[in-house]
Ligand SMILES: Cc1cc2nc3c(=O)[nH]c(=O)nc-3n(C[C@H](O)[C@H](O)[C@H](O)COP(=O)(O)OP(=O)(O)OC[C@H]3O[C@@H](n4cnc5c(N)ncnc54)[C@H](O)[C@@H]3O)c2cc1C
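So this first bit is one chain, no partners, the form predicted alone, shown in structure tokens.
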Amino acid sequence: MEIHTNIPLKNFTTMKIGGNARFMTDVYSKEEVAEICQNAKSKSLPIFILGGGSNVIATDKGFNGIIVRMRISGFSVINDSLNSTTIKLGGGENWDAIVKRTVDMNLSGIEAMSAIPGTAGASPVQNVGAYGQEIADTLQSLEAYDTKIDKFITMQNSDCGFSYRDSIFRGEAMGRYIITSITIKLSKNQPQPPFYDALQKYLDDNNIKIFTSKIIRNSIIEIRKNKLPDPKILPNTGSFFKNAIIESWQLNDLKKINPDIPTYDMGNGHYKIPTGWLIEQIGLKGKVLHGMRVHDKNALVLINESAKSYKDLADARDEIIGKIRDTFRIQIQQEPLEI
């Protein structure tokens, strides 16, 4: 295991900003995970797990510890029944490659999460999801190294505290668990409508009447291609803001002034409002703020056009959040984690 020093984090995150990491290493096995964790603990060094760097923002101060890049591979069918297939995936496996492979197996359950960058092990952290599917729908269990007790443990879906783009791994247990594998259960039945609104519109517009996981995957890839810029060309983290979740009384007040406000019923008296719509309403779509451009095709996305530092990004973010709060009395939240 090689350990590198003084590594620029901007070279390993898709927003291309941030300071240096004191140390960085790649891990390819559970044994290496245990070894690096125990060594770090003995030297009182913090650890941060990095997958593809697509949902992480590095601050200007960098990271005074060890960045561990998850590279554990693995794709194995552990159960195959009449209606479903259960697959164990290494934490370092590329997420979109997994989706393609399962679609090629005629399985459904994650096809709407096509073209999402990142790794399998990162998917439970923010409960990755798109177009009506999220990892919480299919995840059965995961294996993780518990840095508190220095042991590998198995956690069930119910242990993860999943909610909209959230889990215990972003909350009370942040930094405690290093996810080395996940186990998902996918269906052998083909996807059926009703689909997520944006997906359904694409299917209708293209007169698609037959639904297979491959057709849904290809449709999602086309939708995302038109809405989300390639981070290899235009530095970004995908959706920078979470969609807003509000209570019914807030929605009733908002509809008095904004009767056409788009909403999605989340149940239990809560509604999701597209944050991109909110940003459009305050006139910032396509605008450049502190070197960050609000994407003209998807206002949830911030593109690093000329920003040189985390401060530039933070100033742009805070300006957007403040204007939405002042206009709609809604507090939106950043989606990417910060190092």
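Everything numeric in this text was worked out from a predicted model, so none of it was measured. All residue numbers are counted from 1 along the displayed sequence.
Beyond what is shown, the protein has a form predicted together with the named molecule; the following relates to that form.
Candidate from G65, G276, G52, G62 lying within 4.5 Å of the named molecule in the model of the complex - any heavy atom: The residue in contact is G52.
Region of this chain that lies against the named molecule in the model of the complex, out of 150 to 158, 102 to 110, 175 to 183, 260 to 268 [heavy atom, 4.5 Å]: The contacting stretch is 175 to 183.
Partner proximity in the model of the complex: A130 to the named molecule, non-hydrogen atom cutoff 4.5 Å: Heavy-atom contact with the named molecule at 4.5 Å: present for A130.
Contact of L284 with the named molecule in the model of the complex (heavy atom, 4.5 Å): Residue-level check for L284: no, no contact with the named molecule.
F48, heavy atom within 4.5 angstroms of the named molecule in the model of the complex: F48: contacts the named molecule in the model of the complex.
Distance check, K88 to the named molecule in the model of the complex, heavy atom within 4.5 Å: No, K88 sits far enough from the named molecule in the model of the complex that none of its heavy atoms falls within 4.5 Å.
Residues within 4.5 Å of the named molecule in the model of the complex, restricted to 212 to 247 and counted by heavy atom: Those in contact are R224, L228, P229, P231, N236, T237, G238.
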